[in-house]
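For reference, the chain that follows is the form predicted on its own, supplied as structure tokens.
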């Protein structure tokens, strides 16, 4: 038992820190927002350090396979740790302003969501997967309504809960069907054997239906069509910190869980994993099914890419624009997954990490400008690029990376994605992504045009005049990363190694 506990040391440390944070809110006579915020950031730093140690350890299973300790889980656990730290950091910055949103319970919920993400991406057990997804979801529902008396926030939170409950119920029904398919087992390797048998027997419908139902939960977390309706309203109605967490932490950890689920359930078609059955027969049946399921994913990706990018064109609220943009980027990721190949998974993982870096920077830059402008609406940002050159300049860099312009990391990541699609026979998807990148150039740089080419109001007065040195440092660091990661090996090598851990003998 002691050896098992050592394997999950990062999760234990995070759980212990959560308990201490909760106790501090009960014991302290007055709320010490900065002290608890620094404690939360320090806790996430320690957890991230412990997670990094997993890259040097061999893959192992803990507690009878309920949790997987490998490089793949460590990669996305590191992502959600950084995203939760980013959200807490922005909340501390906002505490400087009159509208105090930096409450201790907000920090607690971000840490709880991170813990749920650890479970979500680190399991090959469907019930643990569901519990992790729900833990992230419940914390997100509460955080979305952080503005208790704000009508837009309450409406956004209600829509989030309703759509979340719908997708969760559909996903749970799919899990129940897979439970039967796997011989009364929730373990994904056991279900994979049942899937292989069903495909060999010519009963592909028994596999396709539960697969699509299971996919519903992931489509919701990734804000993909047709479970995307909540995203624009929730992004607009909540804080910038929460919107950034949803766009990066919650989305990418769900993306990692989707990769693991598909990688294990359809291991034979992806990797040719040996089974007790005739390998040639199983591989042929699995490959045929993988092609059909890949077409379904490609159709969803196509609709999501089109909807996200075209709907973003008419947006004037910055958070709604970023919400529709995130739908488009999620479509890019799903397009690579639709290849149902190891190369597609690696390309998607590489692009996901680069998108995460650029998105965190974009939300931080929007925060810096919006707090001073007193508005997140584009019409109120005229000429502010000259008044706040650092925030506006870094926003140009982040938007260029999200568009995929050289010499940013976004260009390298999107090129890797396009090459994988082209080599995988999905030339149509590759061309569509290239065309929609031109569309994204229009709506991203419409913001830049407003910042630099429009005349500012003569009587403009900043809503706040507080200096934000820590936020300035964060923007500079992330801006450097968007150029440093142009050397794609820094990202692709660990992603490829992590993807290799999806299937183990």
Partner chain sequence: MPTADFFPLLLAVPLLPLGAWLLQVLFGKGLPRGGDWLSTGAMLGAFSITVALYLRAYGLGEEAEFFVWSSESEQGWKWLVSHEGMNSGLANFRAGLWYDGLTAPLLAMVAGVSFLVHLFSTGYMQGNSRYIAYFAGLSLFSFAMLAMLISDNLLFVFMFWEVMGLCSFLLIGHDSMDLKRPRPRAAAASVKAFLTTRVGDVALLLGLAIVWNGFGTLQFHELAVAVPDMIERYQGWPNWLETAGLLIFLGAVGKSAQFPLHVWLPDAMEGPTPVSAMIHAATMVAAGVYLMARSFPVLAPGVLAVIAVLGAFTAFFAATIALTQDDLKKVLAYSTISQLGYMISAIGLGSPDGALFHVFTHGLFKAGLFLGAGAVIYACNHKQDLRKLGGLRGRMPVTYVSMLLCTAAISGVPFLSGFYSKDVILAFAAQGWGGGAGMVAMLPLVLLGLAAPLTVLYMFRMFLLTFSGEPRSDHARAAKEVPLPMSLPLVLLGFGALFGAMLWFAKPYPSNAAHEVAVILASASLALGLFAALLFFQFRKLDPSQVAAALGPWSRGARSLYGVDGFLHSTIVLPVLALGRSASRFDRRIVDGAVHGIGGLAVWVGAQFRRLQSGHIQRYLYLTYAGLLILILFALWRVR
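In this text the structure is predicted, and so the values were computed from the model without any measurement. Residue numbers count along the first chain shown, from 1.
The form predicted in complex with its partner chain exists for this protein as well; it is not shown, and the discussion that follows is about that form.
The chain is drawn here without its partner chain; in the predicted bound form, the stretch among 364 to 372, 385 to 393, 163 to 171, 78 to 86 whose residues come within 4.5 Å of it by any heavy atom is 163 to 171. Although the partner is absent here, residue 159 sits close enough that one of its heavy atoms falls within 4.5 Å of its partner chain in the predicted bound form. Its partner chain in the predicted bound form comes within 4.5 Å of a heavy atom belonging to residue 315.
Contact check for residue 11: every heavy atom lies farther than 4.5 Å from its partner chain in the predicted bound form. Looking at residue 299, you'd find a heavy atom of it within 4.5 angstroms of its partner chain in the predicted bound form. 307 is the sole member of 179, 130, 108, 307 with a non-hydrogen atom lying within 4.5 angstroms of its partner chain in the predicted bound form. The partner is absent here; in the predicted bound form, the one residue of 263, 356, 344, 232 having a heavy atom within 4.5 Å of its partner chain is 232. Interface residues of 176 to 205, taken as those with a heavy atom within 4.5 Å of its partner chain in the predicted bound form (partner not displayed): 204, 205, in sequence order.
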